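First, one chain by itself in structure tokens, the form predicted on its own.
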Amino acid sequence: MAHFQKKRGKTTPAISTASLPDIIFMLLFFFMVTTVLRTATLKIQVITPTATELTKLVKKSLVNYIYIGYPLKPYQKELGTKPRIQLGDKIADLRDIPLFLEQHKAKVPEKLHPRITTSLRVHKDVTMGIVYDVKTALRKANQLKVNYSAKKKAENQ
């Protein structure tokens, strides 16, 4: 007669961790590629006004941001306390706006040039004089798509 052996305690094989570093590096690479970092370090304070009827900008790569506000404390010695214009990382004058727009257009494919929008992020306490001057400079540079950035107004206000 055949003699049957008793099965000893069944153990599951250990999970192989050989591919774990590959998976971690793929995830790291994915997040490095897809993360969008802030492109401008603000030297001015911009507290945007609140509004109720807002529309979200769809394609952020087609948006120029022009910041208008009061210089932050660390920059007040060199810039003063009057409202200033910031284009990208630099404090600028009105005459610098056309060059700023052209540099952005150079990065965008030509067929998308008509869809480029300039977004004005203006401190809520800045007078309209400097905003009007910026809008005039944009009009002279043939940048006619302009919007104002705002925060959504709270429901209970």
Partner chain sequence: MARRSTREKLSQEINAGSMADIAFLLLIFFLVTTTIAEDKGVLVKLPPWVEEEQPEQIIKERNVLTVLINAQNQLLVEGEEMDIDDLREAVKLFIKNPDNDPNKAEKPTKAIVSLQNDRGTKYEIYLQVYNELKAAYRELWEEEAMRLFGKPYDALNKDQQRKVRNNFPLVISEADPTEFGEE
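Every value quoted in this text rests on a predicted model; they were computed, and no experiment measured them. Residue numbers count along the first chain shown, from 1. Take the two forms, find the largest set of C-alpha atoms that superpose within 1.5 Å, and that set is the rigid core.
What follows is about the form predicted together with its partner chain, which we do not show.
When contacts are judged by a 4.5 Å heavy atom cut-off, Lys73 does not count as touching its partner chain in the predicted complex. Contact check for Lys105: every heavy atom lies farther than 4.5 Å from its partner chain in the predicted complex. Its partner chain in the predicted complex is not approached by Gly88, whose heavy atoms all lie more than 4.5 angstroms from it. Contact annotation for Gln45: none of its heavy atoms lies within 4.5 Å of its partner chain in the predicted complex. Proximity to its partner chain in the predicted complex, taken as a non-hydrogen atom within 4.5 angstroms, holds for one residue of Leu99, Ala40, Leu62, Val131, which is Val131.
The two forms, fitted on the rigid core, differ between this form and the one not shown by 2 Å or more at the CA of Ala18.
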